[in-house]
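Shown here is one chain on its own, the form predicted on its own, set out as C-alpha cells.
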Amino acid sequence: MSGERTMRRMSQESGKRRRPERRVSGQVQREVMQLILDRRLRAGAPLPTEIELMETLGVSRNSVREALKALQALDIVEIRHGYGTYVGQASLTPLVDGLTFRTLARHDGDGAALAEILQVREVLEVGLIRRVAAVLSDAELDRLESVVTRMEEAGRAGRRFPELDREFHEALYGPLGNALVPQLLGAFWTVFRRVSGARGWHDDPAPELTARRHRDIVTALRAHDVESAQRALAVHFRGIEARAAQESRGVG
C-alpha cells in the first residue's frame, strides 16, 4: 500500500510540475516568434537549440517541437534535420497554398472565387499605377516596352506567354521599391495559374489581344497619362475575369 501511495504522490507532484508548462500551441508559437523579434534574428540565422528553448520558454520538448513544426508550415522557421532550426524567409507561400485551396474548395464555382482574387489584385495594381507613373524612368519604360515586344512576337506566332505576363507586372511595380508589392502580385498570379492548371483550363486563348492590352498600358505611361493607364489596366483585368468565367462554365 505504501508503494501505491508513493507512486500516487510522485504522479501528483509530477503533474504539479508540468502544469505551468501547459500552454496552448499557439501561445508557444507566439513566444518563439517574439524571441526571434527580441533577438533581432534575420532570415537564415540559427535559432536556439530545443533544450535552450525549453529552458527559456519553460515548456516541454514536445511543446517546442509542436510549435516549431507549426511555424515551419508558415515559413517562419526552417527545420534542417541534422543541422538545427533556422529563421525562415517568412514568404507568402502559406498564403498562396491557402488561397489555392480556398478557391478549389469553393462549392459555388471556381469562377466566382477567382474573380474575388482578381478584384483584389486589380485594386492593388490600379491603385498603385499613379505612383508608378511618377517614378518610372525612361530605362524602366524601355524594359517594359521590350517585354511587350516579346509578347507581340509570341502572339503573332500563336504562342502563349504567361511568364512574360508575370515579368511585365513585376517590372511595372518594381520601381516603387516596395518589396511586398511584387510578392503579393506574384502570389495572386501563382494562385491563378495553379487553379487554372488543376481545372485543365486553357492558357490565354487570344495572346495577340493580351499583348495589345499591355501595349496600351505602356503607351499611356510614356505619355504620362495616368487615367489612360488606369483604364488600360482595368480593361486588361476585365478580359482576364471574362476568360476565367468562360472557362469555369466550360465555354471557350
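A quick note: this is a predicted structure, and the numbers were derived from the prediction, not measured. Rigid core (definition): largest C-alpha set, two forms, superposition within 1.5 Å. We number the residues from 1 along the sequence you see.
Separately, the form predicted in complex with another copy of the chain exists; it is not shown, and the next lines address it.
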Report whether the minimum heavy atom distance between residue 97 and another copy of the chain in the model of the complex is within 4.5 Å.
yes
Taking another copy of the chain as it sits in the model of the complex, is residue 199 in contact with it (heavy atom to heavy atom, 4.5 Å or less)?
no
Residue 224: heavy atom within 4.5 Å of another copy of the chain in the model of the complex?
no
Since only the chain is shown here, I'm wondering whether residue 183 would be in contact with another copy of the chain in the model of the complex (any heavy atom pair within 4.5 Å).
yes
Which is the contacting stretch out of 136 to 144, 97 to 105, 150 to 158, 164 to 172, given heavy atoms within 4.5 Å of another copy of the chain in the model of the complex?
97 to 105
Just to make sure I understand: among 113 to 146, which residues lie within 4.5 Å of another copy of the chain in the model of the complex, judging by heavy atoms?
116, 117, 119, 120, 122, 123, 124, 127, 128, 131
Residue 40 C-alpha moves between this form and the one not shown by 2 Å or more, core aligned:
yes
Taking the rigid core as the superposition reference, indicate whether the CA of residue 69 shifts 2 angstroms or more between this form and the one not shown.
yes
